[in-house]
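Only one chain is given next, in structure tokens, and it is the form predicted on its own.
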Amino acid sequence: MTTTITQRFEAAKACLDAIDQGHVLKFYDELDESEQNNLLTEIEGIDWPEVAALVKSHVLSKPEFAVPDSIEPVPWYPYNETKEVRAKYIEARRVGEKLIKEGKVAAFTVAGGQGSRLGWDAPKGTFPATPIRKLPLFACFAEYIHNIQNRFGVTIPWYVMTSPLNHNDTVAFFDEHKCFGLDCKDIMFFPQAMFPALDMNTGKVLMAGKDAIALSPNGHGGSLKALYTSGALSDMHQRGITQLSYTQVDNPNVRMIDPLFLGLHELDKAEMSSKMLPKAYPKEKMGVICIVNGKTSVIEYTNLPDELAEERDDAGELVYKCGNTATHAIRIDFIEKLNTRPTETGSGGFALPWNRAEKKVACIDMESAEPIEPSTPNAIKLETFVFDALPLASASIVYETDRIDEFAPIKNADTPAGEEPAKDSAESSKRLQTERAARWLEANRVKIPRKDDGSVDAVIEIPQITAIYPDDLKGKKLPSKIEPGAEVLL
């Protein structure tokens, strides 16, 4: 039996009135039928009992971080192959390459964000990222996938999580660029869920307009739910995928599919594993991977007690130095288990902890319907983090990576010309990409011009279709040297 729009309205009103959020429908009678339908669809897509609970726990009261009873440094596999690990790394590469060749590995990119912090009015994945070609982030990842497919003679399915805010634009961008030469049938897009912004003083849901709730993505933790509800996991099962390589959209240097990391993860029978970077200094803005109450976990840098953040070993190294890079290997059956296990209410699914952030959110005045552009934070946004699934894994490994080789994120706007580039900006990323290219060329006996401070006196770009390791350049026609100030695309 078809539900009428009147019945949908009555159901929505009863639900909202029960939790004191009836204002969401205040302007309903002023809307045309299409606008009414859109608003009801938004309302029907939200778990309102969960909203009510979170208003009490995360808005009207502010959760305080409780220092765990036990925090210990996490063991990790080192980036440099020491004698102690060399034999295992050889075996891990063999295992990881076998997984890839057998078609058991897929790539997963979390790409729900807009480029607004970068001054880019489009999905972040469309942002021009490379030093010379200005290749978009999505195209960087596509080149990497091309390289792996050519290297191993296999198809790598690519799953891209968008958000309702950027889904259509993202799909259109891939269509416009003909999926960057990949087979479009091997790329699946799906949006993550959204969550309403809440007035930080009253807990009332903010409205973006008379017909729209002020919504924002529910965080990258929502990816583990979206993979299940979107049908992506079912698609993976049909393809024989057993391992998912999880990366986020802002890092053009990320190794989307890393045989060594996947092999270590598989050999140790891990369900969810992580790459780490050694922190440059105690309060670097990176979550810290630790052992918390016996389980691998991530503690935000702001929550790690100062005495632990600053603790050093006999060699002067930080004891708690494992910075989270948001790169994970995840077993498909682990994601499925998270989504189907019993919960306290008896229903299937799992709940990651919600995190509270005070934000400025544009909305309308509920009396006049006039738009409000706040100059100070007026709202609480709630989101979940994917790394909070780590303690739920039966086993987990941590693998160290190299900052130059794999980590050049683009998160912040550039500083004015002539100033030192902002950390994690487009300019700092391009310098890191050039430095990586220079090191790879130096490893192949190409002379690189360097300034007095050691930085490269040139701009160099090596497409990932050409090389993803320095050894890939062996046997290729390379210049004997790079001239100072040159722009070189190999």
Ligand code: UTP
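Numbering starts at 1 and follows the sequence shown. Fair warning: this is a prediction, and the values are worked out from it, not measured in the lab.
Although it is not shown, the form predicted together with this ligand is what the next lines describe.
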Just to confirm, with a 4.5 Å cut-off on non-hydrogen atoms, which of Gly287, Gly219, Pro157, Gly263 contacts this ligand in the model of the complex?
Gly219
Contact with this ligand in the model of the complex, heavy atom within 4.5 Å, among His177, Lys411, Lys204, Lys104 goes to Lys411
Is there a non-hydrogen atom of Gln114 within 4.5 angstroms of a non-hydrogen atom of this ligand in the model of the complex?
yes
Please check if Met236 has a heavy atom lying within 4.5 Å of any heavy atom of this ligand in the model of the complex.
no
Though only this chain appears here, would Ser245 touch this ligand in the model of the complex if you measure heavy atom gaps against 4.5 Å?
no
Please check if His328 has a heavy atom lying within 4.5 Å of any heavy atom of this ligand in the model of the complex.
no
Mind telling me which stretch in 104-112, 82-90, 397-405, 226-234 gets its heavy atoms within 4.5 Å of this ligand in the model of the complex?
104-112
Taking this ligand in the model of the complex, which residues of 187-214 have any heavy atom within 4.5 Å of it?
Gln192
